[in-house]
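For reference, the chain that follows is the form predicted alone, supplied as structure tokens.
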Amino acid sequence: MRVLKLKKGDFVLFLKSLKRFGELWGPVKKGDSYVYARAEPENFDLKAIRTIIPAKKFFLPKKSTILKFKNGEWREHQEVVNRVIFGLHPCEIHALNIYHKFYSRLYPDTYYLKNREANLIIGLSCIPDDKCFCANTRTSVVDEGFDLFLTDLGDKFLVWIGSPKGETAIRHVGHLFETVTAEDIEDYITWRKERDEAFQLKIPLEGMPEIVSFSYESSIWDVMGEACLSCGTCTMVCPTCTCFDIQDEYDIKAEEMNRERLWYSCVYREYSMVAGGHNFREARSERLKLWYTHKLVGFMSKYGSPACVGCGRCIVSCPVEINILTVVKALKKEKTGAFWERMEVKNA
């Protein structure tokens, strides 16, 4: 993998040169949070930590039409947009690698694969905040799944070229890039040390597959189930969640129909409901258990790593503080201080 240097002053010019590949998208400030938005590179926030919605929205949108019924016949439909997506942190790219395993191996999904091919992925280094724990999930460093990756060293970027598409991206502006020097390597080593020391949150996940399995009948799931709102926020913001639903939208007057694919959530009551009205997971506790078993046990047994990349989105987003941090602590018999734990004490 080649590594080059890009001066900070040439950053905007370089990104503007990539418009030939498609629309420019990257992290921008929205209130107190960040979102991926289409914008000029001058407006991208290089200090952004996590976006509200992860980058999976570019590869399988929250809502997309997959079939159209018109003139008495169904036709396959997909709108593919060429984009340059800038600013994905290592944990986000690891999440896309998990996404890719799910949608490209056993049952390849053409909708996902076409969107993946249409996007140029440019990663960006970051400094963790108090919700990041990607050091524990071993996703703080990434060496695949991107076309280019930029490490911000203050007055310059080190640029990792991760694919032939990445090589093509810099070819037309090769004069902007320089050979890495010994001093640059020293600066990178110093940056890595400072970044590693910046982690504040530690969630040891060693042994969690066994702990979750042993705790399957624990009453702690019922306690959390009482507080859970089944709102689905955790699954919508999780960069590795893959569940979707299919719905038909019918226009009676035009005799036309669209078959829509939408993000869905395993914590919704209707998720496990089958014909006849029977629900395999009627209780909220059972649906929570399903989600965390998948994240910490099921995916681990199949692919060798948890379906959690330590991005902290569930910690930020859950209104009743049911998240990877509090669940792991509770299953390890530790106090969490979470809302649902305080609620249990109040009701005792």
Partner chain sequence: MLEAKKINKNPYMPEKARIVRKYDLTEDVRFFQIRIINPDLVLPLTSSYKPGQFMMLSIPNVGEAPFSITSTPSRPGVFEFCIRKVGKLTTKLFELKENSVVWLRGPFGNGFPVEQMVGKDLLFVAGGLGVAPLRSLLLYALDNRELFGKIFYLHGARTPKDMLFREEFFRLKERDDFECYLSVDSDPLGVWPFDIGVVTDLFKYVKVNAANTAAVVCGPPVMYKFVVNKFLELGVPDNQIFMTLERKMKCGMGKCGQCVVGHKYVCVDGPVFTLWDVKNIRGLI
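What you see is a predicted model, and the numbers here were worked out from it, not measured in a lab. Residue numbers count along the first chain shown, from 1.
This next part talks about the form predicted in complex with its partner chain, which is not shown.
With the partner omitted from this view, the residue of Asp109, Asp129, Glu178, Glu226 that lies near its partner chain in the model of the complex is Asp109 [heavy atom within 4.5 Å]. This chain lacks the partner; the member of Val80, Ala182, Ile246, Ala254 within 4.5 angstroms of its partner chain in the model of the complex by a non-hydrogen atom is Ile246. Residue contact with its partner chain in the model of the complex: Lys302 places a heavy atom within 4.5 Å of it. When contacts are judged by a 4.5 Å heavy atom cut-off, Arg195 does not count as touching its partner chain in the model of the complex. Residue contact check for Ile189: none of its heavy atoms lie within 4.5 Å of its partner chain in the model of the complex.
Among residues of the shown chain, Leu290 is one whose heavy atoms approach its partner chain to within 4.5 Å in the model of the complex.
The stretch from 130 to 138, 238 to 246, 82 to 90, 148 to 156 that comes within 4.5 Å of its partner chain in the model of the complex, counting heavy atoms only, is 238 to 246. In the model of the complex, just one residue of 198 to 215 lies within 4.5 Å of its partner chain by at least one heavy atom: Ser213.
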